[in-house]
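Okay, here we've got a single chain as structure tokens, the form predicted on its own, with questions on binding and movement later.
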């Protein structure tokens, strides 16, 4: 079996396992998995920029919240139905990503990290400033009656789960395709040696901008899906915490791997869930585990498996 065939088997095997998971797992865990799949899309968007292009962003919550409020506000205030509202979210996140990418790519290294963080904070403060419409930290809930798509009630657990699965499958297979394409290979070349890529004639800045836009759209789609499926949009999702979380998910799961985003979100979600059930000081437990993962699995779970045991892992 070729490496491509093995990679395809892994992707479709994961999707098949998730497809039957709803009927096997208890209600609590199937509900958790729906949320994990949506957040894994966010981590995939971050992985495009960090894992494959080598750009460490600390402001990705801006893209996530752009998608969330792009859908949330059009449905909550404009009375739009989910389909056009989701499209509006994608447009909003793509515009934000284009503008931010054009500005932040004038910087590199630590300056890039700081500038992305500053823009994300500006986005958070903007949400608070227009609290009359966004409801600030309190946020707002989307009415159950409006969360209907082609006759399906997105508040129903089984509909929500399989909608999340369809979105996750789309993002996973799209990422796998992009990384195998010439564009994806160019991103990896820039990550490995930017100067050499430039010497070979690639317009590195333009390619990085495309990566920022792609990353922003995927992250925005995740934010829109979260608001739609779970019925809530709030400024909390625009805070620094939601810029740090995708970095942790990708580092734990494996930067530069297609399935690492999902593994990272799954691992972190259940680690926090278990630790918080054992002690009020659960963040200490989480911190110790993260340090251990960093020390003993420096390339993340999937990255370490690829480097040591299965070089075909995508």
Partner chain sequence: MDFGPHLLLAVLEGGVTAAVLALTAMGLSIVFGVMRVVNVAHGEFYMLGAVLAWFIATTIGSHPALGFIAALMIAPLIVGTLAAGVDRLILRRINYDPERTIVATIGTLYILQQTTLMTFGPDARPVEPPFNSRIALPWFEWGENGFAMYYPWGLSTTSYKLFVIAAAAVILITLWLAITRTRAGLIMRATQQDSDMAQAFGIPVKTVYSVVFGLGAGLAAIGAVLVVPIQQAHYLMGHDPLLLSFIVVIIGGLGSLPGTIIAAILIGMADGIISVFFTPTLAKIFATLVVAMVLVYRPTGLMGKSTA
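A quick note: this is a predicted structure, and the numbers were derived from the prediction, not measured. So that the term is clear: the rigid core is the largest set of C-alpha atoms that superpose within 1.5 Å between two forms. Residue numbers count along the first chain shown, from 1.
Just so it is clear, the following notes concern the form predicted together with its partner chain, a form of the same protein that is not shown.
Mapping the unseen interface onto this chain, residue 36 falls outside it, with no heavy atom inside 4.5 Å of its partner chain in the predicted complex. Residue contact check for residue 144: none of its heavy atoms lie within 4.5 Å of its partner chain in the predicted complex. In the predicted complex, its partner chain sits beyond 4.5 Å of every heavy atom of residue 236. Residue contact check for residue 24: none of its heavy atoms lie within 4.5 Å of its partner chain in the predicted complex.
Partner proximity in the predicted complex, defined as non-hydrogen atoms within 4.5 angstroms of its partner chain, places exactly one of 148 to 156, 163 to 171, 228 to 236, 124 to 132 at the interface: 124 to 132. Interface residues of 87 to 109, taken as those with a heavy atom within 4.5 Å of its partner chain in the predicted complex (partner not displayed): 103, 106, 107, 109, in sequence order. After superposition on the rigid core, the Cα atom of residue 270 is displaced by less than 2 Å between the shown form and the other one. Put the two forms on the same core and the Cα of residue 285 is off by 2 Å or more between the shown form and the other one.
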